[in-house]
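Below sits a lone chain in structure tokens, taken as the form predicted on its own.
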Amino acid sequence: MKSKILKTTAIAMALSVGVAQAAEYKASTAEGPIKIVNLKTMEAQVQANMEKGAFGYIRGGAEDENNLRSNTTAFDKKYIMPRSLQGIEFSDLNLKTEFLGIKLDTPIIQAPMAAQGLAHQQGEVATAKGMAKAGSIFSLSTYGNKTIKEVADAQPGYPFFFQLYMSKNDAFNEYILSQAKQYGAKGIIMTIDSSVGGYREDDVKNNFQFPLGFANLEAFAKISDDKSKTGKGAGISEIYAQAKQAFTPADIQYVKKMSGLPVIVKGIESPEDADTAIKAGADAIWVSNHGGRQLDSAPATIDVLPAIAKVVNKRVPIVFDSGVRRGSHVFKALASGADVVAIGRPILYGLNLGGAEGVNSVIQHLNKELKINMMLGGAKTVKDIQATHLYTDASFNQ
């Protein structure tokens, strides 16, 4: 009997230790500029610096990760023709542009990403500061570890977007959209490609559950008794199960009416969906396959961008993301029809390695590479890049 009691006590102690460890997730506190050779090498640095399950959640893609890889490798099939007689000095190069009336120092913005507290203790607040220093736009996810107010207070006066994962509970949608408007969001990124989570094997193998709560969900839970999961202790599939699935064009009008803000529809990969979204009132189109995290059999975003741009026909601006790892990729996306280009994982890697300054380092590195490509490709401004004709293998076999 005594041994049974001791065994039970030991099990209880082990469980309590496990709970304590889960409650004491240790994220990076690093702060300072980081030296970057290229964005790809950052991944290994972060892997050595982060808890296995958290890193797997951030890095991983769906199924066999074909889409994750092709998003990047597809850029290699497009060529920038060198142009040397354009009379351009390097000091002439100008990255300034604007998006939805917001003036930017670079055409590179940040893609919304959940749970940034996994990468750094300051999470989304540090990312917002880093993007502000870069003269760009921060985007806060519904599933962020910081509230809309915390992000707004981090860099007063600097523009940010709020990414909405619509809930099946309209009371939550109304609450969160009112918060976004109250605290100064410049637009709503309405994400439509996550009606169900992609099958991400890293999360399965690691049995990953979020060690931190999602601040916006926790805030709503304090005023609501809908019993929804708020992040901590849940997997991403459980969170997505609470989100809206049956999207229709009417949802775009609903979000516009509730928020009174421009609505950017994110997760577009087909020209048909782009046209439908614009006709329903979308103020911008965001071409994305969620960084290869959803449908593994989807095409690379750079391959579908030209057809989408043709259908959009400049009726609204286009944001592009997924797979961007080089300044040349930014150039090629802009030359294929994008107005601005969004970066995902590399920003989280910069956040992990250097906090706000690390985020800024990532943008500055891409800016440096982009300028080199502009100089060698004969483009002095972002508009010049957009007017550049890209080549493919077929161009040389005619």
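The first residue of the sequence shown is number 1, and the count goes up from there. The structure displayed is predicted, hence computed values, not measured ones.
The same protein also exists as the form predicted in complex with another copy of the chain; that form is not shown, yet it is the one meant from here on.
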Point to revise | another copy of the chain contact at N66 in the predicted complex, heavy atom, 4.5 Å | key: yes
Check your understanding: Are any of the heavy atoms in Q209 no more than 4.5 Å from a heavy atom of another copy of the chain in the predicted complex?
Key -> no
Point to revise | another copy of the chain contact in the predicted complex: K181, any heavy atom under 4.5 Å | key: no
Check your understanding: Might V37 be said to contact another copy of the chain in the predicted complex, defining contact as any heavy atom within 4.5 Å?
Key -> yes
Revision key, fill the gap. Partner-free chain; cross-checking another copy of the chain in the predicted complex, the single residue of K149, K77, K186, K229 with a heavy atom within 4.5 Å is K77
Revision key, fill the gap. Partner-free chain; cross-checking another copy of the chain in the predicted complex, the single residue of I252, I109, M166, M113 with a heavy atom within 4.5 Å is I252
Check your understanding: 263-271, 137-145, 153-161, 115-123: which one contacts another copy of the chain in the predicted complex at 4.5 Å, heavy atom to heavy atom?
Key -> 263-271
Check your understanding: What residues, if any, in 115-145 have a non-hydrogen atom within 4.5 angstroms of another copy of the chain in the predicted complex?
Key -> none
